[in-house]
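To begin, one chain is listed below as structure tokens, in the form predicted on its own.
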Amino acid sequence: MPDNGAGKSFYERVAAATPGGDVLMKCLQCGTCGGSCPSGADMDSTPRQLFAMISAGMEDEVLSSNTPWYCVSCYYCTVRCPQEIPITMIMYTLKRMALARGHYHKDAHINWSKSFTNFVELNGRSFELGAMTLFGLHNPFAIVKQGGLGVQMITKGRMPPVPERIRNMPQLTAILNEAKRIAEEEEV
């Protein structure tokens, strides 16, 4: 049964809801996370700033921030963190908390999420270039702004130019269909 957080501070609720989140208190405020983030330029607060806001109990500001929604789950921040803080997992926690409160950032773009999900359903994994292209149809200025980074990622082999498909798609399709069925039952 999920903890409703009664009597706990915002910081305590975030830490408790995140696997390994109890190490959040070890944040040195070094900024490595924000400096590592490929989406950092679009975030209204760096992860470091968000963690300071969490510690300060600024729940409304944190849950209204676009920062968790721009996290692309690359785990680069988590890998580089000198304190081994599960930063990406904290972003997932903040997204869940924001959704539970009826908040999501207007710039989160539901089309981005749908394109990501569609590529996973078709190929078993994300296709970043395709998702960015679809996103660019709705926001061409973002593509221009991030175009140089995209070219660098492709030339360095960090973003494949064509979708890659996993081997056992029928098994993944069965899993995804069951997850959808369960989600539909819970909505009723």
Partner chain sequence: MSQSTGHYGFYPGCSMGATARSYLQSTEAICKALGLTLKEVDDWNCCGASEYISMNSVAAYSLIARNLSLAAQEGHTDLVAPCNMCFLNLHKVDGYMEKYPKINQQVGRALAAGGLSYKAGSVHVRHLLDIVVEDVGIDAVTAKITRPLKGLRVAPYYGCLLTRPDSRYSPEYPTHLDDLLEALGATVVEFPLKTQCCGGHMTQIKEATAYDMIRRILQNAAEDQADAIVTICPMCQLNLDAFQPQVNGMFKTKFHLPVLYFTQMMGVAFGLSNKELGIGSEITSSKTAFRKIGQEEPEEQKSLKRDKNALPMPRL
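Residue numbers count along the first chain shown, from 1. Fair warning: this is a prediction, and the values are worked out from it, not measured in the lab. If you superpose the two forms and keep the largest set of C-alpha atoms that fall within 1.5 Å, you have the rigid core.
Only in words, not in the display: the form predicted in complex with its partner chain, which the text now covers.
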Check your understanding: Is its partner chain in the model of the complex near all of Y11, D44 and A56, within 4.5 Å of a heavy atom of each?
Key -> no
Check your understanding: If you check in the model of the complex, is K26 within 4.5 Å of its partner chain, heavy atoms only?
Key -> no
Review point. Can R125 be called a contact residue for its partner chain in the model of the complex at 4.5 Å between heavy atoms?
Key: yes
Check your understanding: Is K114 close to its partner chain in the model of the complex, meaning a heavy atom pair under 4.5 Å apart or at it?
Key -> yes
Exercise for review: Verify the contact flag for E121: yes if a non-hydrogen atom of it lies within 4.5 Å of a non-hydrogen atom of its partner chain in the model of the complex, no if not.
Suggested key: yes
Exercise for review: Using the arrangement in the model of the complex, list in sequence order the residues of 34-49 with any heavy atom within 4.5 angstroms of its partner chain.
Suggested key: P38, S39, D42
Check your understanding: Once you line up the core, how about L172: does its CA shift reach 2 Å between the shown form and the other one?
Key -> yes
Review point. Shorter or longer C-alpha distance for M153 and Y92 in the model of the complex, given it differs from this form by 3 Å or more?
Key: farther
Check your understanding: Any idea whether P38 and P161 get closer or farther by CA distance in the model of the complex, knowing it moves 3 angstroms or more?
Key -> farther
